[in-house]
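One chain is shown next in structure tokens, namely the form predicted alone.
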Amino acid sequence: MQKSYRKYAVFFILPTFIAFIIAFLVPFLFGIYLSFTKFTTVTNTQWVGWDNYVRAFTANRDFTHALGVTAAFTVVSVISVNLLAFGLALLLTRGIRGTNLFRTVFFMPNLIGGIVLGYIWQLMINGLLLRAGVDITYDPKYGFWGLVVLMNWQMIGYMMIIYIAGLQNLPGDVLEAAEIDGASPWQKLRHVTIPMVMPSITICTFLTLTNSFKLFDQNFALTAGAPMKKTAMLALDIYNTFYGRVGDEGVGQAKAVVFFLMVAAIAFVQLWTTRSREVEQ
């Protein structure tokens, strides 16, 4: 019976495969081609080889600076979001009264769009800085840490839900055995809970990593890269290159290809590293 089903598998896979080719593979390959051309429209292209890639790194320091800002932001956000989310998940799986209400409240910021969040936090941060007679664009540090706070406020609730699901699926007999053996709460957390919840850590780390690297809406709304593009992250720098300067569309496309390959490579290393630490339950 199972073999008779297998011969029909191609008919079920084909629609998804066709959609993948049309919606992702073809645009992606065409985008790679455009990164080697100078163009104003997709029907008006001139082959320039590696010139766009060279200009992306040498024409000015915007791209390399944005890379540094994005890398620093990603490291801080991945660590802070996951630590806080995991800590909240531990607290909210201890049977505290009103747990469901707390889960809903912490998750709600994730439902708000990035542009809206950016403008909301811009108003709040500028209100705090108003006493000093400055705003968020006065110093790049204000914009950087403002983005970190915004990212944490938006993502912690979502990551917390994933961690809660992982913690609730832990086998109780293993935790009881650790208690019987005299393990302290810290030893249980380090040697039992964390290793067995690694699948959730893998997912949450991947999501925070990729979302931090490709952050655009919040960056655009909160600072728009000000002052002097010092708070512009990679996605915003690519946007400014592609739409901000006529004739640099190919350079913007080259930056986008480099951006994709870099994020894909980092995400692959992260997935391989965390999955290798997962423990079978």
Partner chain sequence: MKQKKKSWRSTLLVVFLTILAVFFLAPVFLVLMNSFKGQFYISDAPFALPDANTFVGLKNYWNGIQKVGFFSAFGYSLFITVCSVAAIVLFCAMTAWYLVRVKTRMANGLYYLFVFSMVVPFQMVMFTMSKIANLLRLDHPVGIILLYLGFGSGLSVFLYSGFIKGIPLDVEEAATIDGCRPLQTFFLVVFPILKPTAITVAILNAMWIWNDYLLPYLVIGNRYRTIPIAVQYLQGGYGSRDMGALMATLILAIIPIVVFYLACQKYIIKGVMAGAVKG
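Residue numbers count along the first chain shown, from 1. Under this definition, the rigid core comprises the largest set of C-alpha atoms superposing within 1.5 Å between the forms. Source: prediction; values computed, not measured.
Another form, the form predicted in complex with the partner chain, is not on view; read the next lines as being about it.
Here the marked residues Phe73, Trp145 and Pro195 all miss the partner chain in the model of the complex; none has a heavy atom within 4.5 angstroms. Checking Leu170, Leu189, Ile162, Ala183 for any heavy atom within 4.5 Å of the partner chain in the model of the complex turns up a single hit: Ile162. Though the partner is left out of this view, Val251 does not reach within 4.5 Å of the partner chain in the model of the complex, counting heavy atoms only. Contact annotation for Lys229: none of its heavy atoms lies within 4.5 Å of the partner chain in the model of the complex. Residue contact check for Ala178: none of its heavy atoms lie within 4.5 Å of the partner chain in the model of the complex. Among heavy atoms of Thr208, none comes within 4.5 Å of the partner chain in the model of the complex. Residues of 73-99 lying near the partner chain in the model of the complex, listed in sequence order, are Leu88, Leu91, Leu92, Arg94, Ile96, Arg97, the criterion being any heavy atom within 4.5 Å. Pro27 is among the residues whose C-alpha shifts by 2 Å or more between the shown form and the other one once the rigid core is aligned. A displacement of less than 2 angstroms separates the C-alpha positions of Met228 between the shown form and the other one, with the rigid core held in common. Comparing the forms between the shown form and the other one on their rigid core, the Cα displacement of Val54 stays under 2 Å.
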